[in-house]
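Coming up is one lone chain in structure tokens, specifically the form predicted on its own.
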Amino acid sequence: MLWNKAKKQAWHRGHGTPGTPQKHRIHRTQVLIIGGGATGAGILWDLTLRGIDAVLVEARELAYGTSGRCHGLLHSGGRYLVKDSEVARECYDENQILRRVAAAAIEDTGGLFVYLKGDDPDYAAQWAAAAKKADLPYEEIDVAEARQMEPLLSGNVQRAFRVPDAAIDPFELIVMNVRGAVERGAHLLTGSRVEKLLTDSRGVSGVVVKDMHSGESYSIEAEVVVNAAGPWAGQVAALAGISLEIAYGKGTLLVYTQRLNKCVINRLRPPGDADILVPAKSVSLLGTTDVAVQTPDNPRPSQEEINTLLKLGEELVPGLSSRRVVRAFAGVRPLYDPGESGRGASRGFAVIDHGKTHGVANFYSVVGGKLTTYRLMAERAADLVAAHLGVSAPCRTRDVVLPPPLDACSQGGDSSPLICECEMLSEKELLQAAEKLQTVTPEALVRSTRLAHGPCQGTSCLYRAALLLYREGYLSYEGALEFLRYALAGRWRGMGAVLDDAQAKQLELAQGVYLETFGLETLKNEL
């Protein structure tokens, strides 16, 4: 087992000691939410603030799906102005709300939309006119000022507009929503997969959940079930015999080894590949592509997508293709727009009352949307659920500030040794994050702390983390080795997609250290 049975976890309610049989499982709730992405977490927070008892069930760990595989861009709305001004306005309004209530997860980088010589000049004019009509704040600035802001910008920039984009950490955002809800009495079940929807004469009456760690299955009764499973929403709806028309668009992103830009840089043209460069703490992310796929499971970057990003990114920022890319990753956008797919599909969202549309009562699905509009999606879903339950309490998520993702280490600052120099992650912060996990899995820790996200991709920090977690009782000896194996496999797959000479040498060194020193030879079969 990865975890140590003797280690207690107190932050999550209703799940007891990780990895052990549960004597006090949750068997009844008012609302059960399926999916631990931003939307599911937002619904949990919203319902809890209304005084509604709720449980969030996630098959893997928080932010496993689309929410954890994106740019981390808090949109100003500029990207959607020409095609869908309603979505653009939603993005801007939510941008302003989240700056108030989720400031701990946001870096106010600002953003630029730049028009390059050779791009469609009519589109730039349409964009400016649409921004004015939608009353979105933008300011055209001198190209020289734009280059002063971002020295790496192409010399082909002809026009530049300043917009209120920002960078947002999706992992921190989700944890903040869940933490706030749990502290007010909600429940979180990670590593718990919904295998069946229970029904009776009134409609959906609950679910059958399988604990992915113990293998046990048990039932949870619920007055309402909300499907917020993102790209897997169609699979969940199918459990009730409902077909949802969801298109899957795979997007690949590149992670650079250093932070190349201060603000978000957007290319001012119809949305396409490699037209956004986002600063994300110590790195920059370039994306994205849009490739239709048949399934949301296990998206992998293709070499063709990587080559496309490097080629087109060079037009936006010369020299980008020769900068060191530390890894590549892919996520799947769940687009709910029957008849459309890819770039043509709306980035809007829908909340579906299956009682009205499919005759399956007590069951709702939330589909489509964006990270930036997650709170609004949650509000719309919670409004319907509250009305269904006869609860008149209004939404409060516009005004109630979310708690920080982690407690401050100490009033005088954190003086504990660093585990990860690249991300400035300390021992105390790592242990604090581990204390809040139901089970200490590599995916959950890497996502919640940015462990191994920097240039070394775990070569210098993962073994320190595994040793510390073993010493502090979070991992058994065998668990520490499994932790290394799974964490490294994930890092090395991302590195392997973007190997150049220097990167290949680093990967060879890392594999030599871990495969030989720790005897993790089985890793070779997983890459």
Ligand SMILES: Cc1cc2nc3c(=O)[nH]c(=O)nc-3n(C[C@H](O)[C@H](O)[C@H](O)COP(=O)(O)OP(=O)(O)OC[C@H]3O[C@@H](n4cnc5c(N)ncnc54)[C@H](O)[C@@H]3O)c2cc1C
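Just count from 1 along the sequence shown to find any residue number. Note that the structure is predicted; figures quoted are calculated from it, not measured.
The form predicted in complex with the named molecule is left out here; the points below concern that form.
Peer 1: Would Pro231 count as touching the named molecule in the model of the complex under a 4.5 Å heavy atom rule?
Peer 2: Yes, Pro231 is a contact residue.
Peer 1: So, Arg69 and the named molecule: in the model of the complex, are they within 4.5 Å at any heavy atom pair?
Peer 2: So Arg69 counts as contacting the named molecule.
Peer 1: How about Leu488 - does it come within 4.5 Å of the named molecule in the model of the complex, if we only consider non-hydrogen atoms?
Peer 2: No, no contact at 4.5 Å.
Peer 1: So, Tyr463 and the named molecule: in the model of the complex, are they within 4.5 Å at any heavy atom pair?
Peer 2: Contact check for Tyr463: no, nothing within 4.5 Å of the named molecule in the model of the complex.
Peer 1: Can you tell me which of 315-323, 193-201, 351-359, 420-428 lies within 4.5 Å of the named molecule in the model of the complex, counting heavy atoms only?
Peer 2: Careful reading of the contacts points to 193-201.
Peer 1: Counting non-hydrogen atoms within 4.5 angstroms of the named molecule in the model of the complex, say which of Pro405, Gly251, Gly206, Gly111 makes the cut.
Peer 2: The residue in contact is Gly251.
Peer 1: Out of Ala59, Leu49, Val498, Ile26, which one falls within 4.5 Å of the named molecule in the model of the complex, going by heavy atoms?
Peer 2: Looking at Ala59, Leu49, Val498, Ile26 one by one, just Ala59 meets the 4.5 Å heavy-atom criterion.
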